[in-house]
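Just one chain is shown here, as structure tokens, and it is the form predicted alone.
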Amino acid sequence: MAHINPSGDQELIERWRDQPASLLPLLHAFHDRDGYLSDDALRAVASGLRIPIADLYGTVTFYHHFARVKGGKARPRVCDGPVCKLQGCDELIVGLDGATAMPCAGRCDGPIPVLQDDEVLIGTQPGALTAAPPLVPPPNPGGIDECVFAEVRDPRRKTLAGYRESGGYRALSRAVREMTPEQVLDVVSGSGLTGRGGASFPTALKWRAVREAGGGPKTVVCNADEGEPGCFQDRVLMDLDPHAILEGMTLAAFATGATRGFIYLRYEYPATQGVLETAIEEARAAELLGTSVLGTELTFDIHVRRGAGAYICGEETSLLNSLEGKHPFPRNRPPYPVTNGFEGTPTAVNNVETLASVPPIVDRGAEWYAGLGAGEHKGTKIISLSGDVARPGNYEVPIGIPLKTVLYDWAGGAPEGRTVQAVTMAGLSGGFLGAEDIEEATLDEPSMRARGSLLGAGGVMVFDDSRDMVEIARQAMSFFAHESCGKCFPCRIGTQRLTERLAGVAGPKEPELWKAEVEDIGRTMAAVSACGLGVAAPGITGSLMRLFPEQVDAHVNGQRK
């Protein structure tokens, strides 16, 4: 029988009811207290927030990590992302009592992560799991100037005192005391900074649109829902350099006229929540956040809101719906978040790396940042390398640097005795690149798009010549099918049909007919899906057929090894 504690329930509801974006933290409060979300808890939340119980149930069950059975939160959840599949996660799931699989949990450099309660453990054997250490990036092997990683290897950097010792909040102080919002926008524009979360939209253009939009209060949202398989760079910045994100958000607030901010943090980073909240309290105490930032007229505060496990919430409009307590479907656009974002007001949504880049840009100037790129390209990008590579990890690279330089010279290439067969780009969203592409491609959007791919969020997973690429593609498509929100039928049905064909349980038995059908499904998905998931997913099958036709033929003919 469910635990019933009406007075305790009411206390939690009263604590959170009048807070901004209240549903998620209230659900987490019940989930943490009871170890699951009982029917009684859902009824209490529905009554307290005046949400129809059916709507609340549909929202709660959309997320992966809200347990609905007693003790569910304490059961181990094991990552079964592409890299962890290579490391034997299926055997670990079987070996851990009560374990279930979860999508990629952002520890591709140190598999396999296991989430139990609010602790992340790593290891490949049930009896040998250890606490996951902080993810410190290796020194830049190219001796090239860095932007966001320049100071993160100093353990003092995560504290306010250490951050200030290395120049932290200098940019904010200068901006609010010596510059106008328009001047800040001009600096960011001149730097060439674009969104580092995947879309590559010019940051200053987005901020200027928010500033010029009518209505309010205006909002800055940090998208920290780093759910793309193979991407694990944002956690480094949040864990080791949290004040850089806070300073970047506050500079964004100054530039846009925003008064409130949210960090939407993915569920699978439980320790990061404490790091961020400690940094926010430090900043508030030092008048770096609040009603009079640094004694000026700027009013801005930041709240952390933890997600509950849903890849689609990395899409900015799904994220905004999640923050508002709605079912996290993508919104139809237009209108765009810059005019109709959080609670219908102008909102700037930027990812962690983008925001962390802003303080050094404002501090050191647009020309400095633009000059960090290779050739005509501007700035830097963090690349997360994982899979069959000698030295996995995060590398901050000049935009435009050759892919092979990072893969072979910096990260050591494939393990001894093996060669690189393929890599995925943009996590999974950019599909596969083959050996010829790797030799010729540079790490910038024009080069990637010329090859039918994306740089995106910068996740690069490496697969050596021992891997079955059809099986890798099946795993990727299965992930997309699992994470499809179901709102639009081209994505909902198309990802399932492609998964079936890659699994060999459906589709024509003649290779050319099989390829034609798969291409037709993918073309339809890319043309009419409601958001980027349905557009990106067929890139997996399209690049598979282009690069590995012999493996596809063997699969269709039932001749795979």
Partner chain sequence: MSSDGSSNGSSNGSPTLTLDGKVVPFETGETLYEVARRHTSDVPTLCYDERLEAFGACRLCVVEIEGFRSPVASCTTHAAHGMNVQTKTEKLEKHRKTLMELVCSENPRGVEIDPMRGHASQEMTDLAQRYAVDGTRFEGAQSGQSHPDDPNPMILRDYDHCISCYRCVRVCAEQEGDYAISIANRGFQTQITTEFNGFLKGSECTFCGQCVQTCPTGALADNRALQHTREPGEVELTRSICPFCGVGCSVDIMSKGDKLVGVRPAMDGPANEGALCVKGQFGWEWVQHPERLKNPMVRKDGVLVEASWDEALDRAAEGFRRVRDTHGRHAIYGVASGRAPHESAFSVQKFIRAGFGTNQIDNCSRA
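Positions refer to the first chain, counted from 1. Predicted, not measured: the structure shown is a model, and the values here were computed from it.
A second form of this protein, the form predicted together with the partner chain, is not displayed here; the remarks below concern that form.
- Though the partner chain is absent from this view, in the model of the complex it lies within 4.5 Å of a heavy atom of just one residue from Glu353, Asp388, Glu483, Asp109, which is Glu483.
- Screening 271-279, 235-243, 430-438, 326-334 for residues having heavy atoms within 4.5 Å of the partner chain in the model of the complex returns a single hit, 326-334.
- In the model of the complex, at least one heavy atom of Ser529 sits within 4.5 Å of a heavy atom of the partner chain.
- When the partner chain is considered in the model of the complex, Asp32 lies well away from it, no heavy atom lying within 4.5 Å.
- Gly456 falls outside the set of residues with a heavy atom inside 4.5 Å of the partner chain in the model of the complex.
- Contact check for Pro490: a non-hydrogen atom falls within 4.5 Å of the partner chain in the model of the complex.
- For the marked spot (Ala67, Asp468 and Gln475), a heavy atom within 4.5 Å of the partner chain in the model of the complex is absent from each of the three residues.
- Along 44-58, these residues reach a heavy atom to within 4.5 Å of the partner chain in the model of the complex: Pro52, Ile53, Ala54, Asp55, Tyr57, Gly58.
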